[in-house]
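Take a look at this single chain, the form predicted on its own, given in C-alpha cells.
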Amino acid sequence: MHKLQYKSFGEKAILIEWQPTISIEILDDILQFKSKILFKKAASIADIIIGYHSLTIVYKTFISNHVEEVKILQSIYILEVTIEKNPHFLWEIPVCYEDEFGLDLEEISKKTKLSKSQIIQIHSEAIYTVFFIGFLPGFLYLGGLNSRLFIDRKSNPRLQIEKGSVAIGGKQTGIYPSNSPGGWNIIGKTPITFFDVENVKPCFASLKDRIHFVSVSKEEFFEIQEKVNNKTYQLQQKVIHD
C-alpha cells in the first residue's frame, strides 16, 4: 500500500496523489484503486481521470463532507477485492525518422552528443507503456524513454505540429494524434491514425498497453499512409498478459 495524499479539487472532485514517480507498479496501484472505487461507488461517480501518479474522482453531486468522503475512500483503498485482469496489447507503430519528418533530430544530436542514427536506434528499440491518455484525444503519454534521450521541451513551442509527429518532451515520448501547437522535440512521423471518431473504439490503445516504434523508410511510410487512408492497413499487435 502507498501513502496517498487526498486533496479537495473543487466542490465535486477529490484529487488523490501517489509519490511523483513514473512507475508501472504505481500505475497498477492506480488502476486497482479505480476498479475498487467503481465497484463500491459507481452510481455516484461521474468520471475518474488518471495521471502518471494521480487519480481524480469527479462526483455527480457536490461533496457535502470532504473529510468523511476521504475516510470512505481510504477504506476502499485497503479493501481486498479480486479484480479481473484484462489482457493488454503490444502495438507496433511504423515511424519514418528521415530528416523531412525528424525536424529536431539535428538539435537533439548536438545536445545529447548522440548521432542521429544512435537517437533513432535508442528510441525504436525500447518498449513503452501507455500511462494515460490526454492533452488531445488519442495523445498517449508514454513512459520508458531511455534516459540518454531525456531533453527539455522547446523554449519556443511550435504553433503547428503535423498529425502523426513523434516527439520527445522531458522524460517522455509521444505522438501528436492531430495537428496541434506543441513544445516537444520532433524526431519522426507515423502514418498511423491514433484517434478516429468513426471507429467503435476511437483510440485503439488503452492504459498499460505497450508501444514499439518500428523504423520505416520514406517509401514504406507513404505506402502505409495510403493503406491507412483507404482503411486497409492492419496495425500489428500482440496480446500480452501482466
Partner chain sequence: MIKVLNPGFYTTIQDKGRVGFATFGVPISGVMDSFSADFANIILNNSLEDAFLEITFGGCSLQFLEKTIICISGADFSPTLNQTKINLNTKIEVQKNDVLTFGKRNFGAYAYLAVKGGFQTEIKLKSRSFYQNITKNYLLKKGDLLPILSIHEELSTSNASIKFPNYHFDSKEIFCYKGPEFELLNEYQKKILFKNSFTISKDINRIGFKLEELMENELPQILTSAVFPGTVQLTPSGKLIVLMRDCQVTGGYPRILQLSEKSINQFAQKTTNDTFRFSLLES
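Predicted model, so just to flag it, every value in this text is computed and none were measured. Numbering follows the first chain given and starts at 1.
There is also a form predicted in complex with the partner chain; it is not shown, and the following applies to it.
- This chain is displayed alone, yet in the predicted complex one of 186, 37, 50, 211 has a heavy atom within 4.5 Å of the partner chain; that residue is 50.
- In summary, among the residues 103, 73, 136, 149, the only one with a non-hydrogen atom within 4.5 Å of the partner chain in the predicted complex is 136.
- Of the heavy atoms in residue 217, none are within 4.5 Å of the partner chain in the predicted complex.
- Among heavy atoms of residue 21, some come within 4.5 Å of the partner chain in the predicted complex.
- With a 4.5 Å cutoff on heavy atoms, residue 54 counts as touching the partner chain in the predicted complex.
- At the 4.5 Å threshold, heavy atoms of residue 141 reach the partner chain in the predicted complex.
- The stretch from 109-117, 125-133, 80-88, 93-101 that comes within 4.5 Å of the partner chain in the predicted complex, counting heavy atoms only, is 125-133.
- In the predicted complex, the partner chain lies within 4.5 angstroms of at least one heavy atom of each of the following residues of 174-196: 178, 195, in sequence order.
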